[in-house]
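This document starts with one chain, in the form predicted on its own, laid out as structure tokens.
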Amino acid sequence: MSVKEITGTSGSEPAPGFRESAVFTLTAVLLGLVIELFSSGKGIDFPGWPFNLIFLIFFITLIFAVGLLFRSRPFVAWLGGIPLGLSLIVGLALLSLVGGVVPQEPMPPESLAAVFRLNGMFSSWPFALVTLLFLFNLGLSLVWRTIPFRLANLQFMLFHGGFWIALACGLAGATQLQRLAVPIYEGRESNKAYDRKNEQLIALPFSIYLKDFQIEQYVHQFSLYDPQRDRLVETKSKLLPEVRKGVKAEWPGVGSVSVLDYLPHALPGADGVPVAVEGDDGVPFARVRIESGGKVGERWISSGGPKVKPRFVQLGDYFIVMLEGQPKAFRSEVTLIADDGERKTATLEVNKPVDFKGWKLYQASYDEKAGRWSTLSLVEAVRDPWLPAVYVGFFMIMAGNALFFWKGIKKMEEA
């Protein structure tokens, strides 16, 4: 489809084509790099609330004004045409590729990546300029397809309009996106969150009370530890054996270990022999038979805990050790208490957010040194007030795609 068909212009004057569009896009990128060079790679700070909304309204008004008042001008027709749109998409793709290849993290100020803000590509001037030009290009084409309204253009309006809304609102709301870390201890309540980006404490409009923190672990494992090289020695099967009754592991040239008994929760008795106990105070113990150099012996090994020292067995220059089981899942039983008195009981788990007062709360981490005895839970609080608008854009894209396939099916039936 030509620019003439999109804009409805007479086409009496030739409009720039793909070559001019590519040069224009490259100029925008170079201009952004020059700005970064003279600003020492500080990047662009999009305005916060309410200036981001004011800017977006002004930008939309400008697009409508230019699109409706100057739609017959060849230059304006080119600004909203396909050649420039495709060139800008290629420019965005290449800038995104650079952002994916170059680590997006702090670098020495004198480095080339920092000077041109290649290490912060998605908040850089080149990316901002090309994105704004693309939104302007796409916005003009939407205006021309929307006014006057034709039902035949509905699929175009839904798909491209949804894409415009999702991209524009995602960028405008980036400054209001908050990702905060909330450390809470069992039996305590806190409304203090830490903003790691700005390194400051922020008071949440609600408190989180941690009733209980739980960790599920995989089965413990045992291995042969080489203290001289500070590494674990692989078994004959190349796998770390699990601590289960009847399991046997062999290390060529060293010996073998068989698990005779396993107590998942136990404490040393008066004679030092482990005794099974109830509750979380117990630690795992395993009685193992060690065969090495024609000698056979039985000993208890343990990964230990806060009140129990680890137990291991020396085997020549090596040690038979029990390894703590890797965490399978961890969760926090919490009560959320809003400033207005509203309360909500919830379970926070990884990748299963809980919504409360416009915030999404995730289970993030815990005290990994304490392991399953951790009384500290690290909760992530996320607030993105522009997310509903982005979702509206996504739903419009889905509706546009559905309409596209429906039209295709109808044409096939007619054929």
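Between two forms, the rigid core is the largest collection of C-alphas that superpose within 1.5 Å. Don't overthink the numbering: it's just position in the shown sequence, from 1. The model shown is predicted, which means the values in this text are computed figures rather than measured ones.
FYI, the form predicted in complex with protoporphyrin IX containing FE isn't displayed, but the following is about it.
*Asks:* With the partner absent here, would G80, F134 and F163 each sit within 4.5 Å of protoporphyrin IX containing FE in the predicted bound form, counting heavy atoms only?
*Replies:* All of them do, each having a heavy atom within 4.5 Å of the partner.
*Asks:* Is L204 close enough to protoporphyrin IX containing FE in the predicted bound form to count, meaning some heavy atom within 4.5 Å?
*Replies:* No.
*Asks:* Spell out, yes or no, whether the shortest heavy atom distance between S303 and protoporphyrin IX containing FE in the predicted bound form is within 4.5 Å.
*Replies:* Judged by the heavy-atom cut-off of 4.5 Å, S303 is well away from protoporphyrin IX containing FE in the predicted bound form.
*Asks:* Closest heavy atom of T335 to protoporphyrin IX containing FE in the predicted bound form, within 4.5 Å or not?
*Replies:* Looking in the predicted bound form, residue contacts with protoporphyrin IX containing FE do not include T335, since no heavy atom lies within 4.5 Å.
*Asks:* Would you check, heavy atoms only and a 4.5 Å threshold, whether S223 touches protoporphyrin IX containing FE in the predicted bound form?
*Replies:* Contact check for S223: no, nothing within 4.5 Å of protoporphyrin IX containing FE in the predicted bound form.
*Asks:* Within 4.5 Å of protoporphyrin IX containing FE in the predicted bound form, heavy atoms considered, which of F159, Y209, Y262, F312?
*Replies:* Looking at F159, Y209, Y262, F312 one by one, just F159 meets the 4.5 Å heavy-atom criterion.
*Asks:* Which residue, Q155, T175, Q217, T146, has a heavy atom that falls within 4.5 Å of protoporphyrin IX containing FE in the predicted bound form?
*Replies:* For this set of options, the contacting one is Q155.
*Asks:* Would you mind picking out the stretch of 267 to 275, 97 to 105, 245 to 253, 82 to 90 that comes within 4.5 angstroms of protoporphyrin IX containing FE in the predicted bound form, counting non-hydrogen atoms?
*Replies:* Going by heavy atoms within 4.5 Å, the stretch is 82 to 90.
*Asks:* Quick check on L403: with the core superposed, does its CA move 2 angstroms or more between this form and the one not shown?
*Replies:* Yes, the C-alpha position differs by at least 2 Å between this form and the one not shown.
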